[in-house]
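A single chain comes next, written as structure tokens; it is the form predicted on its own.
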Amino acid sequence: MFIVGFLARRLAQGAVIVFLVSFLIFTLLRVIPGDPVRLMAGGMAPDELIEQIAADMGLRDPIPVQFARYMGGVMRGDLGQSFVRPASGAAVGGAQFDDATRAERARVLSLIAETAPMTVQLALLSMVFALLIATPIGVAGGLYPGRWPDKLALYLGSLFVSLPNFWLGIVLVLLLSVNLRLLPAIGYQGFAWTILPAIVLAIEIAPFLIRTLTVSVAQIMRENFIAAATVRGLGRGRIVVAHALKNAAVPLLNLLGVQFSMLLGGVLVIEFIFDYPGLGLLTINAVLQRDFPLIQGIAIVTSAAFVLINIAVDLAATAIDPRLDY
């Protein structure tokens, strides 16, 4: 019963969040300066043609009417069609923007489905690298507070968080790809092209994981049940693994959920630098082209993913520590 009630409550809250995000993005796209129809039809197109296309597409209707029509499609699983991307992959615009080419425009859901697995792969690999970096540093810092492992964790965390990801990405490309030729960098032709951008993201995430582990482990090692375990004759290694790390896993898991959600919707700079064909690069191109349906579709999918990931994290945290109440 707890799981059913929990899921019903959280899914209802998530639906409200997705709806509000959708409405906010939808409204902002239509009140900011710039007309996407001008980009679609070409800068030299007469105003009469611009208005005709806009009216045919419903872009001159009141915003509430447009939003209601759009959400009706979303409820049916239809995120609409891109303004500028046809199914063939070329650009739609100018004199070619007619009923025929409109019918051939790419479905937003298809574009997202093609790029989302790339971003998920990048995000997962980044989290793995970040954990490999942060776990030994953070745990050691928590086990020896005030001593050199703790200071090392603090200094490394401060160093990592101070490195701009765009600068680090360029430096690693020059070092590991151009000079040493160890890793490919630009574009995507296989899994190897994911490693370098994942390293950059991992270094960006690692300071938060290090700090969380250091504080959590240090706090848990001061608890009474740790002292009791020592009195019962349990070895330090078993105490650390079975008690300290298990209890420190809950705040770490919550942080991982937040970081993973942010990676799914916020790897714009890294994907742009590495020309990585994921959601981030798709979002940048959609914004530059004022592709309203694509921007809206990405916002809905990423916000829904954020909600589902947080629900999964809360369920996992409850499984680790049944005392937690969500």
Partner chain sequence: MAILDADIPAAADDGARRSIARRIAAGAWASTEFKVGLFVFTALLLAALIYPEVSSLDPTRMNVRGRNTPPVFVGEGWSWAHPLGTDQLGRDMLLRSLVGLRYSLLIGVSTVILMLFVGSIVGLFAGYRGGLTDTVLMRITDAQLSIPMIILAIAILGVSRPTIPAIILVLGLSGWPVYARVMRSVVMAERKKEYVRGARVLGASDGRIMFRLILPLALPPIAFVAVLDVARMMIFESVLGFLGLGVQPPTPTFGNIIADGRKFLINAWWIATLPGVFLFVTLGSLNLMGAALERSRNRVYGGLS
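Residue numbers count along the first chain shown, from 1. Note that the structure is predicted; figures quoted are calculated from it, not measured.
Absent from the display: the form predicted together with the partner chain. The rest refers to it.
Asker: At 4.5 Å by heavy atoms, is each residue in Tyr155, Ile170 and Ile273 next to the partner chain in the predicted bound form?
Answerer: So, yes: the whole triplet contacts the partner chain.
Asker: Name the stretch: of 122 to 130, 204 to 212, 74 to 82, 109 to 117, exactly one has residues whose heavy atoms fall within 4.5 Å of the partner chain in the predicted bound form.
Answerer: Comparing against the partner chain in the predicted bound form, the contact stretch is 204 to 212.
Asker: Pick from Ile50, Met262, Met57, Ile63: which residue has any heavy atom within 4.5 angstroms of the partner chain in the predicted bound form?
Answerer: Exactly one listed residue reaches within 4.5 Å, namely Met262.
Asker: Is there a non-hydrogen atom of Leu143 within 4.5 angstroms of a non-hydrogen atom of the partner chain in the predicted bound form?
Answerer: Leu143 lies outside the contact set for the partner chain.
Asker: So, in the predicted bound form, is Pro164 in contact with the partner chain at a 4.5 angstroms heavy atom limit?
Answerer: Yes, Pro164 lies within 4.5 Å of the partner chain in the predicted bound form.
Asker: Contact between Gln189 and the partner chain in the predicted bound form at 4.5 Å, heavy atoms?
Answerer: Residue-level check for Gln189: no, no contact with the partner chain.
Asker: Using a 4.5 angstroms cut-off on non-hydrogen atoms, would Ala227 count as touching the partner chain in the predicted bound form?
Answerer: The answer is yes: Ala227 has a heavy atom within 4.5 Å of the partner chain.
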